[in-house]
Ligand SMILES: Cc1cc2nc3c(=O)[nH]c(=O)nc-3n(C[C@H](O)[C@H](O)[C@H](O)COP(=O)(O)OP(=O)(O)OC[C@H]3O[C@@H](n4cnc5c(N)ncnc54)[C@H](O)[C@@H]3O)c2cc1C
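Form predicted alone, single chain, as structure tokens, below.
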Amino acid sequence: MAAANPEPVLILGGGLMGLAIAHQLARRGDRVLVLSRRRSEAAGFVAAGMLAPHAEGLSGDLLELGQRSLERIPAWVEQIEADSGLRCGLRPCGIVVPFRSAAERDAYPTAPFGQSLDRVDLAREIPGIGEGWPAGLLFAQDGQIDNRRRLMRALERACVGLGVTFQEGAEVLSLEQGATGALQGVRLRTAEGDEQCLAATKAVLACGAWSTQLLPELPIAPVKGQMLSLQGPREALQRVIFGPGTYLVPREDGLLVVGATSEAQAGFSEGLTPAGQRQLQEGIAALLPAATSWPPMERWWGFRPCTPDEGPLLGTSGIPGLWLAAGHHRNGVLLAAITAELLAAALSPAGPDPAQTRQLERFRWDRFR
């Protein structure tokens, strides 16, 4: 194991990306300090946990990145579970995407990666699926992880066990730069309301939808999503259903996670809305009518960090010493494993290997220019 650096790497943001990167850095012996304003607002706590590069219909570089991360997730989860002693709730259950016609199914961007389903096949894979779906695709390689109840807790414990330190309730107000423009530290407000400067020459910006508050030039905008959960019978649904506008994600204990609205104009407006909740209820009725009678458990909302091409911003920033891991939009849980690997490599003394460099270059923050 490498010798610990005297100065810690700062992780700005205590959500899934921040924790995943902190965990990888700590595993190789780096000192790490995570600054987190309010971890409960992190997208990792509010997402459904789908691991779905194919069911999402991704394409191009983003599909390749998602596939690479999907391959790494079992080993990544095994590391977290070994370091934390907690289960992460990984479930390779497969995902079914229903369609209104066979032609719509066959035109889906990732159709070649899935198994075509007719109505009989669809009813066998999803007993009780709504009548309006005559065709579908089964992506058996896709799955889910219980991020909200298990993965985030396991990552937190794994980080603590490896010596990562946390400063909760710390709001980073600005980035401090030296005469050359390089990162010198951050100015923050503590949970007690005191302002202080913290010296640092290495930091990772992983603040999700809030990243532009520190770097306004980043092309990230919040997209609000509302969700809810129902308690169904155990084993009532084996596959995830990824419908248009609504998805149903069954946990092992019968909890059904239902999401999610996509409200690009909502900004950071908090709270549930009648229109959003009605959209989810209509989606449940169309996809799995029996679930409309299952008792509700929770309702919540969150903010996805969206870029113009819906791909993340990874690697170097315009400030030497500051790296980026933000803008993952709908695929943060899926891309956590590959993001942690790439950022840990970027911050290593040896730097990323050629394949990792190519991946980082494809998701540069300034690619839209």
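Heads up: residue numbers just count along the shown sequence, starting at 1. Predicted model only: the values in this text are computed from it and were never measured.
We do not show the form predicted in complex with this ligand, though everything after this point is about it.
**Student:** Under a 4.5 angstroms heavy atom criterion, identify the one residue in A48, A337, L314, A55 near this ligand in the model of the complex.
**Tutor:** Comparing distances to this ligand in the model of the complex, the residue within 4.5 Å is A48.
**Student:** Classify A135 as contacting or not contacting this ligand in the model of the complex by the rule of any non-hydrogen atom within 4.5 angstroms, answering yes or no.
**Tutor:** No, A135 is distant from the partner.
**Student:** Flag V97 as yes or no: does it have a non-hydrogen atom within 4.5 angstroms of any non-hydrogen atom of this ligand in the model of the complex?
**Tutor:** No, V97 stays farther than 4.5 Å from this ligand in the model of the complex.
**Student:** Does this ligand come within 4.5 Å of any heavy atom of L342 in the model of the complex?
**Tutor:** Residue-level check for L342: no, no contact with this ligand.
**Student:** With the cut-off set at 4.5 Å between non-hydrogen atoms, does A170 touch this ligand in the model of the complex?
**Tutor:** Yes, A170 sits close enough to this ligand in the model of the complex that at least one of its heavy atoms falls within 4.5 Å.
**Student:** Looking at 61 to 69, 25 to 33, 298 to 306, 314 to 322, which stretch has residues with any non-hydrogen atom within 4.5 Å of this ligand in the model of the complex?
**Tutor:** Contact-bearing stretch, as computed: 298 to 306.
**Student:** Taking heavy atoms and a 4.5 Å limit, what residues of 189 to 211 are near this ligand in the model of the complex?
**Tutor:** A206, C207, G208, W210 sit within 4.5 Å of the partner.
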